[in-house]
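As a starting point, one isolated chain is supplied in structure tokens, in the form predicted alone.
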């Protein structure tokens, strides 16, 4: 995936105002089916796939190690045959090995699907444009558009050998289309014919940062508890007897959290001049008056807001922050980790 196709700022803005397409075929698609598919994934994932009651429904989850560290974050969909996982490309080998290791004792089939591509189309006009294209006989034909228009957020639908879902990574309405790789180029061209703009990795990063969405390897990794990555809601503690990998370690993390000893992930806003970047040191003043340190995990200039924003891991009970930018100590404001939704500022 290129950094940009010409102008990163223009690509970012087109997703916020009209529609852009991302070729995210580098992501790894893994199908899990078999008699024990549900029980297996209930062990493997921190979230509970039993919540997925209907075919096409989706949830976001972490896959944890025994110490409660985040091995990866992923989307899992319920399919007619079982489940479909979409995991990060950089963690592909590690994820597949981990999944195979813990499949022992379960009657499951784990199949990577390298013959599938993923095109993500996002922006205010995205769903309307995609549905019109899908109705063309070159693709899925009559009524497919109506079925996709009816989808709610975090729902998908199987249409022949395509899978179309209302999920994404931008904070805008849109679709992720998983389709046979040989059909992806013609679908891509059809999108461009409708003035959907191709979007690169640079704008994908600023869009997801504005939406307050984590990037694996920056905002969390194997050394990070999901409780320190604003991922509390992705952990399903019920039922009490579901022993997912990492659960016991997370119980200890909870105790640390209650004691105020676990760092938290927050949003930072810098409305003065300067740019927040990954790895910058944060000087934190806690409510007790104690001075502690934090770190910017993801930071950038926000094209929508016209100033810099960041995600940062800081000590709990921090009252105020200053960031070290080029040897200058610069005050920043702490906000909830989310900045833009549907093109509008959402923090106060």
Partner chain sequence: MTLCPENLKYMRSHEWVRIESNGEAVVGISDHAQASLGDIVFVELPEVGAIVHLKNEIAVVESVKAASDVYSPVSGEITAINEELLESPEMVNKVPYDEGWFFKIKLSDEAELDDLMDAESYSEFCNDS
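Remember, predicted model here, so these are calculated numbers, not experimental data. Numbering follows the first chain given and starts at 1.
Separately, the form predicted in complex with its partner chain exists; it is not shown, and the next lines address it.
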statement: In this chain shown alone, the residue from 233, 273, 101, 137 with a heavy atom within 4.5 Å of its partner chain in the predicted complex is 273
query: its partner chain isn't shown here, but in the predicted complex which of 132, 277, 97, 248 has a heavy atom within 4.5 Å of it?
result: 277
statement: Testing 311-319, 296-304, 58-66, 35-43 against its partner chain in the predicted complex with a 4.5 Å heavy atom criterion leaves exactly one stretch, namely 296-304
task: Verify the contact flag for residue 329: yes if a non-hydrogen atom of it lies within 4.5 Å of a non-hydrogen atom of its partner chain in the predicted complex, no if not.
output: no
query: Should residue 324 be classed as touching its partner chain in the predicted complex when contacts are defined as heavy atoms within 4.5 Å?
result: no
- request: Sequence order please: the residues of 7-31 with a heavy atom within 4.5 Å of its partner chain in the predicted complex.
  value: 7, 8, 9
